[in-house]
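There is one chain below, alone, in structure tokens, taken in the form predicted on its own.
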């Protein structure tokens, strides 16, 4: 089975989140144009993405919501749990630990790290915080494959290097410092400053018209 393009994976993740909300509202079926309107993309794009999952035909009532959620999960999720560690337990790291833990059954936050000795041993939603000096040992013992970086920008490159050195295969970078990692490590960089400035720009444009 071919690897999906990154943008397709992003859209499938968005579809699943919206479909889960619809399922909670007891919606059983949805047409491609309805899902497209929710995501704000074209119905053609939705149908193309779903065809990659094997949904080449549709029930006369639309796509069955529960089945579509299941099929998206089969393609996106690992059969086994993937363990995640968050490095940097400031305000952002703490908030992410609380929000992300348990949000997907196949993604599990198993370790937190910080250099502040006062945070050593603390727990957030049942997840223990370890000293950064124990990074390699804990990654190995807890079989962590994904690292989330929420440290100050001056430490981002050092932390990324240590994660790669200790076998991490995926990094989510919440600092605005671009990282360079080997090609066999999946890197996703979320620049909140750029995102905020983008929103602010379009607000400014709308106010000027």
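Just so you know, these numbers come straight off a predicted model, no measurement behind them. Basically, rigid core = biggest C-alpha set you can superpose within 1.5 Å across the two forms. Positions refer to the first chain, counted from 1.
FYI, the form predicted together with a further copy of the same chain isn't displayed, but the following is about it.
S.K.: Please name which of the stretches 42-50, 142-150, 25-33, 62-70 has residues with heavy atoms lying within 4.5 Å of a further copy of the same chain in the predicted complex.
M.R.: Heavy atoms within 4.5 Å of a further copy of the same chain in the predicted complex occur in 142-150.
S.K.: Within a 4.5 Å heavy atom cut-off, is residue 55 in contact with a further copy of the same chain in the predicted complex?
M.R.: Residue-level check for residue 55: no, no contact with a further copy of the same chain.
S.K.: Should residue 127 be classed as touching a further copy of the same chain in the predicted complex when contacts are defined as heavy atoms within 4.5 Å?
M.R.: Close contact is absent here: in the predicted complex, residue 127 is far from a further copy of the same chain, nothing within 4.5 Å, heavy atoms only.
S.K.: With the partner left out of view, is residue 116 within 4.5 angstroms of a further copy of the same chain in the predicted complex by any non-hydrogen atom?
M.R.: Answer no; every heavy atom of residue 116 is more than 4.5 Å from a further copy of the same chain in the predicted complex.
S.K.: Any chance residue 133 has a heavy atom within 4.5 Å of a further copy of the same chain in the predicted complex?
M.R.: The answer is no: residue 133 has no heavy atom within 4.5 Å of a further copy of the same chain.
S.K.: Going by heavy atoms, what in 10-43 lies within 4.5 angstroms of a further copy of the same chain in the predicted complex?
M.R.: Residues within 4.5 Å: 10, 13, 14, 16, 17, 18, 37, 38, 39, 40.
S.K.: Taking the rigid core as the frame, does residue 200 move its C-alpha by 2 Å or more between the shown form and the other one?
M.R.: Residue 200: C-alpha displaced by 2 Å or more between the shown form and the other one.
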